[in-house]
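Let's start with one chain on its own, the form predicted on its own, as structure tokens.
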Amino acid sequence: MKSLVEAAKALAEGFATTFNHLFRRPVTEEYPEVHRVLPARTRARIVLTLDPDGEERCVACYLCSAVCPVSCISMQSAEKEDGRRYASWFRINFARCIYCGLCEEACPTSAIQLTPYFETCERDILRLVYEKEDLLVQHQGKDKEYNFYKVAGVVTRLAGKGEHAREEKPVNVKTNLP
């Protein structure tokens, strides 16, 4: 008898909740006109950023394309006269991208960054394939001061071996021989 009373009470509470919501005004978001404020860590459209010197940050190391679970990133590496590597072409297929953020985490130069811009709907699927020119932005993104070539220990026009920030002079291995 006690379980029957508890069941009726639970049923009445459920109907009371439904009855209360029946007369509430619906909450409708007018999406195209009113945009929701997204959290700061929202991951959406990918961009390629510049370093503080105005050069491209991407060194075409292929780590982003290797870590991508859906293989939507492809590129070709090249090298300038001063020894600096860059991507001669860079392509992302946003029709396949799942916005997981692994490419951003794998990038040693902070070149790839995800922005909160999510409105990439297209009728033609080929318009979702972005080239380097479409991805490159004229700012540093989240890491304003980071410059890979100033700390990488790579010989460039900026500095030679042992001349970078927080880098010791190269050791002459012949002095270490017995």
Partner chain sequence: MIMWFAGLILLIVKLAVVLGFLLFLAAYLVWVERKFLARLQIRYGPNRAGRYGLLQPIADTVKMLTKEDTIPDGADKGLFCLAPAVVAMTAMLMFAVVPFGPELSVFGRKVPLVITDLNIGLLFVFALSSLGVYGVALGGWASNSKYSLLGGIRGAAQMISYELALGLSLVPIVMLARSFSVVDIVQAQERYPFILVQPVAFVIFMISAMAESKRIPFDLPEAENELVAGFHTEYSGIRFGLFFLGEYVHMQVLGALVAVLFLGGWRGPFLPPPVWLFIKIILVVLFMIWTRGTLPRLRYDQLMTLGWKMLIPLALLNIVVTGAVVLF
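Everything numeric in this text was worked out from a predicted model, so none of it was measured. Positions refer to the first chain, counted from 1.
The same protein also exists as the form predicted together with its partner chain; that form is not shown, yet it is the one meant from here on.
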Which of C121, V27, V37, A40 has a heavy atom within 4.5 Å of its partner chain in the predicted bound form? V27
Tell me, yes or no, whether P32 is in contact with its partner chain in the predicted bound form, where a contact means a heavy atom of each within 4.5 Å. yes
